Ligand code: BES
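First, one chain by itself: the form predicted on its own, in structure tokens.
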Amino acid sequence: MNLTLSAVAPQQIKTDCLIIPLFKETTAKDPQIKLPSKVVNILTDYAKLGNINSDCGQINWLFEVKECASPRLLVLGLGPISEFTAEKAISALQAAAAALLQKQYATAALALEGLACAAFSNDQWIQHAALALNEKAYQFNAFKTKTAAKKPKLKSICLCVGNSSLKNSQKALGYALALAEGMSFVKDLGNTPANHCIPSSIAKSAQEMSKKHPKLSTTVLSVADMKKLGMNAILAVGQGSRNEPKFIIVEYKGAKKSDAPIALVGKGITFDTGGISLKPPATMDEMKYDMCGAATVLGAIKVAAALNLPINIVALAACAENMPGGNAIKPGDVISTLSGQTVEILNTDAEGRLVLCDALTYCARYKPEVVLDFATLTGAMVVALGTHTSGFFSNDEALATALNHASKNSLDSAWRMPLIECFKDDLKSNFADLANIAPHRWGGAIEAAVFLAQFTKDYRWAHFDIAGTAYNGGANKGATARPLPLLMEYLYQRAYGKS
């Protein structure tokens, strides 16, 4: 879908549909709508007669308004100005996107000039209009022989922003389009069935991505490479599968070679049966999404390259398939990690922290400025925060503050969780330095983070547990590409010295 900006008055644009956002209080004299007073008077009169519902997200259709070049208007309710929030703006934009796509119009325009306010800036209107359209238009039909859903007919949409903000808006649109493309990339990886998305295929995706961007380079470590290095935790998780583990390293050089990179680490379990500690069968099909952490970091470096961010980034994806094969690890096994610390495996379904601990140790060789890891790690995080908010942990106050700001600015909800040192006592083992799980189920998300903290003492670090946010389950099953918006907001602010 082609998104463009225009300084032309929206009523002059010839398009299949013109979208006019409308606050309840809008009158002909209000600045919220930059349209001829006759058009605004028509809208006001319709509203007074009860023919327009301006509650947030409401869709109203008007046809053949003489003052407009478009044959139809979609009047989009925004609710009262006094109650307007960024979340309501996104909800309304998503409703408009859904209505456009349902009608199968080929072109549309969205009147945005004058809508910026304290709750929602002009750049946010542009960004979230693009993301809403991308979200509603996204389909994953790669494995359907006859596509059940209609392919979106909408080819282009023009965002009318006015001449005064056109230059700045171009930058916002470029960011939004790069982010939208990155989110589709993450969703595609996540939604691909596990018999097609195996560690080697994720490695292939990373290599193909590098070929398209001169500032990207990809290295893939094989089983032999990892054995030589002593990355036995990743190897242990994958040893029960016929699909060999892969450790994928993608480097983006956008700054001076001497500048320390930001390291992004992703859990890439392409399917998680739980291993010998087998999961219950209900919803096990959703365990193809256990590689969404890896997809997130690869998506981030793809977006960074598209935006040509002036920073260095290294993305590390620890990929394996956790299967209960004849060679699989067993409860009670003891393994040695890349750090030299030994771990007793008490539950083979606590495998994500094992692949991450080797990856977190490996990334120290880059002497990173900060390290962020992303993993669909614990059901306990979903119990704690639900499916709307990601949980994160950090050993650095300044980093945690910057991530909170990124969450707020991107409207990608995240909540800082506590790293409680005494939880380490629950990870004691009679036979190894650490156990991979506590002997009880309390505070499971914190326990997992404390385990990872034992491998991150040499740098500033944050761990995102995205088990509740990386994908939707049930009837609306599908990858969400979260928390990529938060991550890109953080990287963008770091790139331009604002955090």
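Residue numbers here begin at 1 and follow the sequence given. Given the structure is predicted, the values throughout are model-derived calculations rather than measurements.
Separately, the form predicted in complex with this ligand exists; it is not shown, and the next lines address it.
K.L.:
Exactly one of Pro193, Gly379, Gly386, Gly325 has a non-hydrogen atom within 4.5 Å of this ligand in the predicted complex; which residue is it?
P.N.:
So the residue touching this ligand in the predicted complex, by this definition, is Gly379.
K.L.:
Which of these residues, Leu399, Ala116, Met287, Ala306, gets a heavy atom within 4.5 Å of this ligand in the predicted complex?
P.N.:
For this set of options, the contacting one is Met287.
K.L.:
Can you check 344-352, 421-429, 95-103, 198-206 and let me know which stretch has heavy atoms within 4.5 Å of this ligand in the predicted complex?
P.N.:
Careful reading of the contacts points to 344-352.
K.L.:
Using a 4.5 Å heavy atom cut-off, state whether Phe455 contacts this ligand in the predicted complex.
P.N.:
Flag for Phe455 set to no.
K.L.:
Would Lys267 count as touching this ligand in the predicted complex under a 4.5 Å heavy atom rule?
P.N.:
Judged by the heavy-atom cut-off of 4.5 Å, Lys267 is in contact with this ligand in the predicted complex.
K.L.:
Even though this ligand is not shown here, does Asp272 get within 4.5 Å of it in the predicted complex, heavy atoms only?
P.N.:
Yes, Asp272 is a contact residue.
K.L.:
Please run the contact check for Lys279 against this ligand in the predicted complex: heavy atoms, 4.5 angstroms, yes or no?
P.N.:
The answer is yes: Lys279 has a heavy atom within 4.5 Å of this ligand.
K.L.:
If you apply a 4.5 angstroms heavy atom cut-off, which residues in 430-458 are near this ligand in the predicted complex?
P.N.:
Heavy-atom contacts to this ligand in the predicted complex: only Ile437.
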